[in-house]
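So this first bit is one chain, no partners, the form predicted alone, shown in structure tokens.
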Amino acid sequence: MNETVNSSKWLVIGASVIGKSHIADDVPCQDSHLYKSLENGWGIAVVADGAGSAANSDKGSAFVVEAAVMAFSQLLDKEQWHLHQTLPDETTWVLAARQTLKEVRAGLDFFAEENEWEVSSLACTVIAMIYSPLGILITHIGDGRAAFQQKEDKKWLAAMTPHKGTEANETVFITSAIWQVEELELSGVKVPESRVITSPPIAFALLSDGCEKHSFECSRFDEDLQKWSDPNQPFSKFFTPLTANLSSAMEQDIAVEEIEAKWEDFLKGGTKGLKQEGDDKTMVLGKLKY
């Protein structure tokens, strides 16, 4: 169960809703999310998107978000960055994040064995974020998007680069063996991609790729080069009103359950694009309280 963060520091909400094509095909929602608050305004948020071609990917994504929250909680218990109010350097975080994701993958292997499934049937992407008033630690395998709003200038920036292949909908999953045994790059970044963002955030968002084209600039045509590129730029006009609504809800002491119900309704059809989206849609949104 999600531990909704409504402390003296953050309000964090999230929802995973089924896409139109999955409703039509009688396929379950293959997205999952989970988040947890910690001391000193720190917390963990995870989003996983099950592969459409994998028979048990809904179960895989559900397992991965729980395992990842637990594993990164254990990492923080060990390192105590949240208690010392300090961010690790990038080398430390890259190594720690990779090892933690390997632990999640090992758990997934055991989960598959217990149920007599092929682990590939549990294929899913994963995005894990440790957020704090000081900055953000993020790591991921696969696609989806993540963004944060800087305290300094209020700009929304991408927090990661999605791993995308040359073919449409091609990515890498936590169940893929190759990222565990050798250096792998996709979309110009390593798999896993792990970043330390030292700019203090006032808001953040994690989302599966079902939400990306409604909230990010994902494609742009260069007339000079005659080719498409991915600017990976979050739309401020999408995110800023949403976080403003969160601030307003906090000020009015609206019940968390009511806020989350409205958030789920928004992802189901709050814009024309979201209403028509065929893919499953997950978004976790956080706003820092002053």
Partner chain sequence: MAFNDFTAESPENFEQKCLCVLTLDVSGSMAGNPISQLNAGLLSFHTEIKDGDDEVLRDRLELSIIEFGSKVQCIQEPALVDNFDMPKLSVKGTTKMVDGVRAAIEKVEARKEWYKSTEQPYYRPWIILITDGAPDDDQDVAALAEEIKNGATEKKFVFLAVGVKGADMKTLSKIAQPGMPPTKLQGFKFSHFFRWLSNSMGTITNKQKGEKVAFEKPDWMEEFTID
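Because the structure is predicted, anything quoted here is derived from the model rather than measured. Numbering follows the first chain given and starts at 1.
Below, we turn to the form predicted together with the partner chain, even though it does not appear here.
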Which residue, S219, T198, T91, Q80, has a heavy atom that falls within 4.5 Å of the partner chain in the predicted bound form?
S219
Given that the partner is absent here, state which listed stretch (70 to 78, 207 to 215, 127 to 135, 106 to 114) has heavy atoms within 4.5 Å of the partner chain in the predicted bound form.
207 to 215
Can you check whether N245 is within 4.5 Å of the partner chain in the predicted bound form, heavy atom basis?
yes
is_contact(D143, the partner chain) in the predicted bound form, heavy atom dist at most 4.5 Å
yes
Does T171 reach the partner chain in the predicted bound form, with heavy atoms at most 4.5 Å apart?
yes
May I ask you to state whether K9 is within 4.5 Å of the partner chain in the predicted bound form, using heavy atom distances?
no
Is the partner chain close enough to H22, K262 and K272 in the predicted bound form that each of the three has a heavy atom within 4.5 Å of it?
yes
Stretch 24 to 56 - residues with a heavy atom within 4.5 Å of the partner chain in the predicted bound form:
D25, Q30, D49, G50, G52, S53
